[in-house]
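In structure tokens, one chain follows: the form predicted on its own.
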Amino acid sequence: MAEPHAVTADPRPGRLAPYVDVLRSRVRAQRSYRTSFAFDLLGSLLVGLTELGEVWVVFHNVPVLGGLDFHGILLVFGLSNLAFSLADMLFGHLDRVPTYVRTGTLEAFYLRPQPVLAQLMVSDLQLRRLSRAAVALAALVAGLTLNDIAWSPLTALLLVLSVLSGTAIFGGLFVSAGALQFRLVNGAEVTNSFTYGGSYASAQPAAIYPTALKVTFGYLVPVVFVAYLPALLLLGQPGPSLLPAWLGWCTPVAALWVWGTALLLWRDGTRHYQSGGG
């Protein structure tokens, strides 16, 4: 009589196990130095409060700008800064690619049997961004409370899609900026104009932009989709020329456009990369 086979657990780790282990080690490392971590959180909190203060100063002197009052711009500011803070926490450290290229330390990522981009994404998760995200979330909740919004399941879906797709749009911009560093190396200031500059542009009422900027931030670097267009839908406003409010439902399409471009640039950059001998 044949003996039944014993059922044994698969000893091989999952494909995501190395990334999870790296993320855990980064979180432990940041929490180990509690005073430094607290100052990092405080600094990020002050950045968020300062940016919100700038918005308040502008609308304290100009009651309505681009068709939005202070309550309306709170929606735009909250959506924009929440999406950017989350993307900056997950992808912002890709701006260190030029340093890795110049010092030759990028080879260490090539030696491991995981995709280079995935390794870089988990290599330095910055938890201090959470305090800036908290400021943005508070502004968003205030905007949702103070404005007369016709709530429905579709409205809630639009809000969730906007945050997720906006985070993806900024994440794709960080990947694009990192990919361009393989060719530019010292061109971080140029690429930062699209990442950090894009964050600033997304927090403004796009109705005030001239046609060239509407096309640039609406369709080439589509940061207007992150906050302004979804806010118009939430407020029931029609939108300016070239940027009708219904485009707010197309934020996932804008995220796909950004990530398609980002992955093509990343592929070109990694193929162009030559070892620095580190």
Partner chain sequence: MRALTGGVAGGPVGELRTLGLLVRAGFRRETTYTAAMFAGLFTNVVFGFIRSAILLAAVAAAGGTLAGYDAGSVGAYVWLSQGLIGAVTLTGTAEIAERVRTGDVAVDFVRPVDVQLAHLATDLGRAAYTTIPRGLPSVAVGALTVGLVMPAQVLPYVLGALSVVLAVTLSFLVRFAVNLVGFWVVETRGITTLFTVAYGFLSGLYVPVHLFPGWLGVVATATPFPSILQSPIDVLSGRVLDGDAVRVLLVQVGWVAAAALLGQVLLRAGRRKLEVQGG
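The structure displayed is predicted, hence computed values, not measured ones. Numbering follows the first chain given and starts at 1.
Omitted here: the form predicted together with the partner chain. The next part is about that form.
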Problem - residue 60, heavy atom within 4.5 angstroms of the partner chain in the model of the complex - result: yes
Problem - Touches the partner chain in the model of the complex: residue 145 (any heavy atom, 4.5 Å) - result: no
Handout entry: 4.5 Å heavy atom contact, residue 64 to the partner chain in the model of the complex
Key = yes
Handout entry: Exercise: residue 114 in contact with the partner chain in the model of the complex, heavy atom 4.5 Å
Key = no
Practice task
Quick one: from 123, 192, 105, 155, grab the residue that has a heavy atom within 4.5 Å of the partner chain in the model of the complex.
Solution key: 192
Exercise for the section: Select, from the options 106 to 114, 136 to 144, 70 to 78, 196 to 204, the stretch whose residues sit within 4.5 angstroms of the partner chain in the model of the complex by heavy atom distance. Expected result: 196 to 204
Handout entry: Three-residue site 86, 241 and 244 fully in contact with the partner chain in the model of the complex at 4.5 Å by heavy atom
Key = no
Problem - Members of 136 to 166 lying within 4.5 angstroms of the partner chain, judged by heavy atom, in the model of the complex - result: none
